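Only one chain is given next, in structure tokens, and it is the form predicted alone.
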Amino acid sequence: MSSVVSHDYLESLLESLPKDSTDALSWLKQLRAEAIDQVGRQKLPTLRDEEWRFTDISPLTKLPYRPSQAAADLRLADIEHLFLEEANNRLVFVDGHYAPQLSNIIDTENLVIGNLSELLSSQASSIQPHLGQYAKFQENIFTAQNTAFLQDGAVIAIARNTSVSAPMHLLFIATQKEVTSYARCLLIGDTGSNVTLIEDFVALQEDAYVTNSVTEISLAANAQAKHYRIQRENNKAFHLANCAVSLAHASRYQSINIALGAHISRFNLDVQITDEAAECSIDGLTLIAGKQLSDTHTNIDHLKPNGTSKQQNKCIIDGAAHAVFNGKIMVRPQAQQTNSSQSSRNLLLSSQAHVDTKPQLEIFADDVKCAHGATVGQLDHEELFYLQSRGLSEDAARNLLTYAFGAEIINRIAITSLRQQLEQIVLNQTQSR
């Protein structure tokens, strides 16, 4: 990794903190220093690494790895079509840099929301216990690199027993070519809080670039969060993302990840159930074609009793595209009475499309209810025949069945405007095959 990222440049980041608050921010400087050290120690993963044996990211080494620069040429009118009408609070990041002129913050009572670099001084006591504590960078070079470049980022902290009715929209926009952008998000839900978070990754240009994203979520006792993650970058992009979630007593976390874009994408989701009676629901939909490669790795770690986890992941693969799903559920010896289920369903639309799927259970407790399964197949010929017998053409029947396969996941999104956008995208992609 040091061959593509200048160590001198990384070291210079340690000097970029405000000079008048060095003592107050010494913890952040130390965090960066530890990440920089890990960047120097680690190497890019290859097909020889077990966790990456289906995902070849060697094309990354052919790209310039310079960080993106802040740009101010985007106007509100350029991105209004990306806004969600239900979202009163919107944070916009252009090539990883916060754009206040494009953002909109309304709710400030019982809620902290804003840019990391601007909140560090006033909210350090809230941010420090969580930032860099869940997304571990000791064995993940991309998380280490993101932490080393830590500057701008979205911070959302919900106060105790506060329910935020309108969703929070984080919009990450790519405009520069052959650069790496570092997206960062920290969500802190205090006891009894409730929030909906949308991470939305889009591109306004068609050239190659890299998005390196890290999200950390901490939910205290009885807190709830819905987390919708939409990746619709261009088909030359590289998207590398890591999300780490910590769940306390009786907290509830719902995640829906939609992967549509990028030439090569990798999404790692790590959920730690750290106390009793916590629940998580994790759903995913991948829709790719051409020569796209989309890799989803999830890990749900049950550390305490009476936890519940449900996961369904679907892939629709066309052309010569390649999808990867590796879902791991760990049930520790002390996590008795765990209830967990996992499903991987995959639809191949061409003879060249392929998928590698590996649902995985590791159970070290004896009083549990756990199940998993995987299916790989093509469109059902009897269903096609039935629709054609009702007057639909073969193409229309195929498109309808393909859309219905993916719509099961999209319909679980509770935000109407976002759901409608995604429905239209899926319809357009199935019809353009």
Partner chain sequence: MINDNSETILDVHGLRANVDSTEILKGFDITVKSGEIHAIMGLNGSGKSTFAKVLAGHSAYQVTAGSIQFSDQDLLALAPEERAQAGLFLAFQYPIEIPGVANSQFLRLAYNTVQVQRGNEELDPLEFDDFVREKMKLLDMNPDFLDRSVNEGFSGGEKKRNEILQMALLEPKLSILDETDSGLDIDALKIVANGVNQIANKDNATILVTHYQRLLDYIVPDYVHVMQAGRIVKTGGKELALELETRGYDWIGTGGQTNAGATA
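Keep in mind that this is a model prediction, so the values were computed, not measured. Positions refer to the first chain, counted from 1.
Beyond the structure shown, there is the form predicted in complex with its partner chain, which is absent from this document and is the topic of what follows.
Enquirer: Among L47, A70, A404, A371, which has any heavy atom within 4.5 Å of its partner chain in the predicted bound form?
Expert: Looking at L47, A70, A404, A371 one by one, just A404 meets the 4.5 Å heavy-atom criterion.
Enquirer: May I ask you to choose, among Q378, S389, T61, Q30, the residue with a heavy atom within 4.5 Å of its partner chain in the predicted bound form?
Expert: Contact with its partner chain in the predicted bound form is made by S389 alone.
Enquirer: Just to confirm the contact call: exactly one of 49-57, 362-370, 31-39, 380-388 touches its partner chain in the predicted bound form at a 4.5 Å heavy atom cutoff, so which is it?
Expert: It is 380-388 that comes within 4.5 Å of the partner.
Enquirer: With a 4.5 Å heavy atom cut-off, would you call T416 a contact of its partner chain in the predicted bound form?
Expert: Looking in the predicted bound form, residue contacts with its partner chain do not include T416, since no heavy atom lies within 4.5 Å.
Enquirer: Answer yes if any heavy atom of Q424 is within 4.5 Å of a heavy atom of its partner chain in the predicted bound form; otherwise answer no.
Expert: No.
Enquirer: Mark S393 yes when one of its heavy atoms lies within 4.5 Å of a heavy atom of its partner chain in the predicted bound form, and no otherwise.
Expert: Heavy-atom contact with its partner chain at 4.5 Å: present for S393.
Enquirer: Look up in the predicted bound form whether Q420 has a non-hydrogen atom within 4.5 angstroms of its partner chain, and give yes or no.
Expert: No, Q420 sits far enough from its partner chain in the predicted bound form that none of its heavy atoms falls within 4.5 Å.
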